[in-house]
Each structure stands twice: as C-alpha cells, then as structure tokens.
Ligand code: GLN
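What follows is a single chain, given as structure tokens, in the form predicted alone.
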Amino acid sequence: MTLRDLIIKGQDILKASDIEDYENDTRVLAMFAFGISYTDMFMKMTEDMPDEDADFFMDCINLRATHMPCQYITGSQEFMGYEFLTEDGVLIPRQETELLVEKALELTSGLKSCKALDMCTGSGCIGISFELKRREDRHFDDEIMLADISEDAIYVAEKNKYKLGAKCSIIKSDLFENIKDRYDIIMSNPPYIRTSDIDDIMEEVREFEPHIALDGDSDGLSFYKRLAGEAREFLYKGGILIMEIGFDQYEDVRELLINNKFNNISVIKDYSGLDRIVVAYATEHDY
C-alpha cells in the first residue's frame, strides 16, 4: 500500500473517531512510524511502504483513535526548541507554558549566576529549558533545581536531563518539604483545574494525562495557597515567583500573593489573550 493510501486510511479512521485535528495527527504519526521528515512524506507519497512499517503506522492510528494523545504515542513533544521525552503518567508540555520560561529568562537576564527552582517540574521542560537557554545564549553557569512529588515525573525529568545534556539537580519533594536553599527565582506550573471541572475537559486530557498534575482541588487554588504561603522562605530578598495560572484565576492568586507579602505583582496574557502567567517579587522578609 502506498504512503498516500495509508495516510488517507488513517485520516478516515481518525475523522470517524472525532479527532479534531485528524489530518495533522495522521501526518505526525506517519512521520513517526516511517521515520521520515515532513518533506520526505510528500516525496514518498506514491511509494509502497514495507508491510511491517505500515502495520506499525496503523497501530499508532488505532491508538490515536482511542483519543490517546499523539505525544504519548510518539514519546516526545517539542518545547522551547528542544525535544522532550513524554510518557504516560507525566503531563505533556504545553505551548503556552513557553511564555513562563521566556519571561523567566527575561527577568534573570542580568544575573551572571542564577539559582532557580522549578517546582512541580513534571517532564522537566521548564527548568531544563531555562537552564539550556541561559547556557546557550549567554554561557551562564547556573544552579537549577527541579522538584516534583511524582515518581513518574522524577523518572521522566531525569531522562530528559541526560538526553538534553542539562546539569540541573532533581529531587522528590511535596512542594517545599525537601527544599533547603534559597533561590533567585522559583518557577511553577502547578495543578490548577477545579476538581468539578475535570470531567468537562477534553477527553485526551481527562482520560490520559495524570490527574495529580491537573487537579487543583475544589477551587483550583490549593497549590497557589501553598506556593504563596511558603515560597518567600525559599527566595532571596527581591527574588521572583513566577507561576502559570488558569485563565480566570488571576484575582484570586493576586490576593493570595498580597496576603503573603509579595509585591510588584503582574500578569501576562497567553497567545489567546487570556491571563496565563503571574509574576511576583519577595521584597520583604520577616527574618
């Protein structure tokens, strides 16, 4: 069967399974299954594919038809220009989270040596990208710590660390439980979906991504309450707390930060114009 015939067959299956971006997902799985580039795919459309590769492609299509995300099928997701390994049990890196890393890089650009903590690291995409970008762009020598409570996340973050050549440290910790140092910046994309909203999110997320990385309790704010209440103890004076939030959570998170003596609080909107990233400064301390 030619590549074109296989792609058409794959698109028909995914369309019938209500996969919204069925055309693109079929192409992604074809490139993965046949080990070809986007350009190669169009050059090989009339070629017959080996039966073994064709069977593997159809296996991938059938998995996607169950609404399993492509990233769990291919085992990777691009983030900040790096290819991160993705596995079941760990949140898939999102494009909007790149805004957090970009802002963190901007805010620390004047530091020749930066101590940074990536809390709730998941795949490690925030902390690892932050470290690699600073090293690539300015050859800075930083001290980066990644922390997560999930064994699955620690395992995948370690794999990404070695795959991408990062020098960060990775620790298992229930938020700040095992954190000892102070940092110039603490970055976090914590769980923030309200428990009652979990059933309403898209099937790919609800059924396949880990709820531990999604569920922010009944009000979606449980992790922000802890981050706002505990982070100042682990920041240098003038240190920065930068967090991703849900689109309707800024005012609540801002109030939590004000009540915990953070200052200069601001919000950054995502590509859709929704509130997405909060920045706050620890400019006062009780010690």
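A residue's number is simply how far along the shown sequence it sits, counting from 1. Given the structure is predicted, the values throughout are model-derived calculations rather than measurements.
Quick note: we don't show the form predicted in complex with this ligand, though the next part is all about it.
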query: Contact stretch among 88-96, 157-165, 170-178, 102-110 - heavy atom within 4.5 Å of this ligand in the predicted complex; finding: 88-96
query: The unique member of 114, 213, 145, 73 whose heavy atoms fall within 4.5 Å of this ligand in the predicted complex; finding: 213
query: Non-hydrogen atom within 4.5 Å of this ligand in the predicted complex for each of 189, 205 and 244; finding: yes
query: is_contact(residue 80, this ligand) in the predicted complex, heavy atom dist at most 4.5 Å; finding: no
query: Contact flag, residue 193 vs this ligand in the predicted complex, heavy atom cut 4.5 Å; finding: yes
